[in-house]
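To begin, one chain is listed below as structure tokens, in the form predicted alone.
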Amino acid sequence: MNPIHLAGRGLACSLGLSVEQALATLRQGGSQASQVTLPGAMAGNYPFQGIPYSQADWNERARELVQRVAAEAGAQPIRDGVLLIATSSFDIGAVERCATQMDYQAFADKIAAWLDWSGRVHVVNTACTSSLNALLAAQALLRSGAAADALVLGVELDNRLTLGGFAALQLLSRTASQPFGAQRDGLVLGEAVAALRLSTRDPALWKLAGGANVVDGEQPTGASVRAVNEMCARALADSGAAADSIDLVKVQAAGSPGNDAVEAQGLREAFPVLPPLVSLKAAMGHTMGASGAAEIALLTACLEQGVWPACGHEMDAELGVGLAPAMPQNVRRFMATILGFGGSHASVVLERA
């Protein structure tokens, strides 16, 4: 099989409107979350990691962000390739503002039109794992020879339905995201638009070696130790990598009291010697369906340029794991995981080409 290269990346998130802006913000210690006020039974202020880009019209803001991020990833020459749109909220923010009607096909058509896309278009919605599963779908297409180029586009933008739903489930922190933290009390949500351009004919520094998605619906809003363990084993097998060849694991670890503990136990069981761990949720929030693509875009850039997210909170010693305080040396191969609603556990392995 031809290698599948990560030939381009683009990112807009709370840290900035490009990968370079995000790196610069990380170098300065990160960005301050804004506060969102919710009414009703869960009334109060919640931290939120929004994209620092203002535009009164929801659709126009989304269009400008999508076009900016796709251009940064170098999507223009492959507009006849495969486009995989990964999202969990679609354009519900526009629906809330009476700027459109809920129509999933119209959403896909709208984004394709924004990018002047002439190739195949697919939409992937598996909640938080959407963009990792879009990567796995792109991998299958490129491995089979059905396509030579693909763009995975994660889109997760401001809306009240997601915030209200997570607040009603009592999953949101009112303070800050503390992955694997002793005082963790919930998630901090965020916005992101991220693009990963994959190619079998455009060599690049990183390549997608393999991955896996495991579904365990016993806990529809939470992770499963067995599924985390199986996800890691399948991803390693698909990528042809041994557990001891993984130099770094980008974990989900969003600050959930229950899910962080489950993930920690699953990782301890999956790796005889646990590699260094990193979470990007405290830096950019949990960006739902866009999180896999957004965090891979940022992490690969961090590894290339020697930037590391600050971790200012105390780790929970009872979990038996912790986040690496500094960048590990000579990271050749890393695993990136996302755990989501509906029992989806997804992981991919990237390695230096």
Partner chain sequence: MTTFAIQGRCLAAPPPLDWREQLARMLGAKPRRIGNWAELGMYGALSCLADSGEGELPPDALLMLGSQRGTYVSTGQVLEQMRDDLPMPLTFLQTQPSQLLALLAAQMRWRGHAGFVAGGTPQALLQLASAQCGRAGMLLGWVDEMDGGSSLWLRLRPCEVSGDKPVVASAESMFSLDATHLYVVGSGAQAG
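Remember, predicted model here, so these are calculated numbers, not experimental data. Numbering follows the first chain given and starts at 1.
The same protein has a further form, the form predicted in complex with its partner chain, not shown here; the description that follows concerns it.
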| item | value |
| --- | --- |
| Complete contact of A7, W114 and R332 with its partner chain in the predicted bound form (any heavy atom, 4.5 Å) | no |
| Listed residue (K110, R268, R226, R79) with a non-hydrogen atom within 4.5 angstroms of its partner chain in the predicted bound form | R226 |
| In the predicted bound form, the one of S173, N133, S239, S199 near its partner chain [non-hydrogen atom within 4.5 angstroms] | N133 |
| Contact of N213 with its partner chain in the predicted bound form (heavy atom, 4.5 Å) | yes |
| Interface membership of A261, its partner chain in the predicted bound form, 4.5 Å heavy atom rule | no |
| Heavy atom of S88 within 4.5 Å of its partner chain in the predicted bound form | yes |
| Contact label in the predicted bound form: P39 to its partner chain, heavy atom within 4.5 Å | yes |
| Per-stretch contact check against its partner chain in the predicted bound form, the hit in 199-207, 274-282, 180-188, 99-107 (non-hydrogen atom, 4.5 angstroms) | 99-107 |
| Sequence-ordered residues of 159-178 touching its partner chain in the predicted bound form, heavy atom within 4.5 Å | R160, L161, T162, G164, G165, F166, A167, A168, L169 |
